[in-house]
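Read the single chain below, which is given as structure tokens and is the form predicted on its own.
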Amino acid sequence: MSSNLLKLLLISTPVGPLGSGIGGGVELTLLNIAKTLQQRGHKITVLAPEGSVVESINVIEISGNLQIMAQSQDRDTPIILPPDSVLENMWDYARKMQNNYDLIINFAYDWLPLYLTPFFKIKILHWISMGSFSDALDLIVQKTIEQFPNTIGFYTKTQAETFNIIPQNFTCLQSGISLEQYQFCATPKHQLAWLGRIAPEKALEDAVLAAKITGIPLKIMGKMQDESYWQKINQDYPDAPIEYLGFLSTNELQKHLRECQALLMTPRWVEAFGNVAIEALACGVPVIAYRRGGTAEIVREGETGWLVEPDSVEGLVEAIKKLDKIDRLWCRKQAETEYSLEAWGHRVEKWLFEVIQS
């Protein structure tokens, strides 16, 4: 192995096994980073909760109780670790084995890894996967950036701004996907798509209402995280033309997604990025999204989709009426130019070497 190739330990989110969908977009981010860095010759090991499925990547499974998701807690909720925490167990393993690696990349949106950073002998990079949710986490992110500049990576500037930190001390890396997994479709069916975890902060009900108003069928895909929330949507909109297809593999997802006229993105919160948006673009599918969070940095207004006033179902409906103005080929070209694994891998690798050399 040449001297400029690295031995990297990637430590997964502790909220669920990789492949379960519980971790949301950060699962796809971790797997694609592992894939692109391995393709570039780096030696990759992924540390993840027991039951994780990671294709063609060396994975070490760690047992323990899963962590509570940050978005289900209040801003002032104290830091909590369950007994026999998988987060604690993963980082105990990392501490013992750190001399076998050049760098550690943390994907856990949690206080503990950031707190432990000064106590490790090797450098730790932190991929922050969501916007600000916790006062305690905000504070430890700020302290880590002050002590170890540029070791914090965000998806987007919009996401980073929620933490109130100095711009020059962090890196924005966006995201990337394996474009060969997504087939372009020039002639969609009369249907719309919505992708994501089915949970209140994703505001699926807005997309359902837009589908009801326009009469265009809505294909819903994603992890069923809150069954009672889903049942309430069905009760509130019994006549809406919707179909839930389940939590699908990438191959199955893109088969349905590519045939849709547009992807609707309706978050109530500040999305850090929106991997589903670039998955749609890769299929040639325009994105109609609330002008909120990282997605607003992805969509090219009038070229690859439309941004509408947050929480405005009327805005979604008006944007749907303008879809004939979008050239679907431009959507695919944007994905190829900005979000290929090659382009993204270059950004990530540059970040790693900057930290190593600092």
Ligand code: UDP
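When you see a residue number, it is the position in the sequence shown, counting from 1. Bear in mind the structure is a predicted one, so any value in this text is a computation, not a measurement.
Only in words, not in the display: the form predicted together with this ligand, which the text now covers.
Not displayed here, this ligand is approached by residue 274 to within 4.5 Å at the level of heavy atoms in the predicted bound form. Although the partner is absent here, residue 238 lies well away from this ligand in the predicted bound form, with no heavy atom inside 4.5 Å. Remark: residue 81 does not count among the residues lining this ligand in the predicted bound form, judged by a heavy atom distance of 4.5 Å or less.
This ligand is not shown here, but in the predicted bound form it comes within 4.5 Å of a heavy atom of residue 24.
Of the candidate stretches 89-97, 135-143, 184-192, 214-222, only 214-222 contains residues with a heavy atom within 4.5 Å of this ligand in the predicted bound form. Distance criterion of 4.5 Å from any heavy atom to this ligand in the predicted bound form singles out 253 from the list 253, 204, 125, 260. With the partner omitted here, the residue from 269, 229, 148, 120 that has a non-hydrogen atom within 4.5 angstroms of this ligand in the predicted bound form is 269. Contacts between 241-270 and this ligand, taken as any heavy atom within 4.5 Å in the predicted bound form, involve 246, 247, 248, 253, 269.
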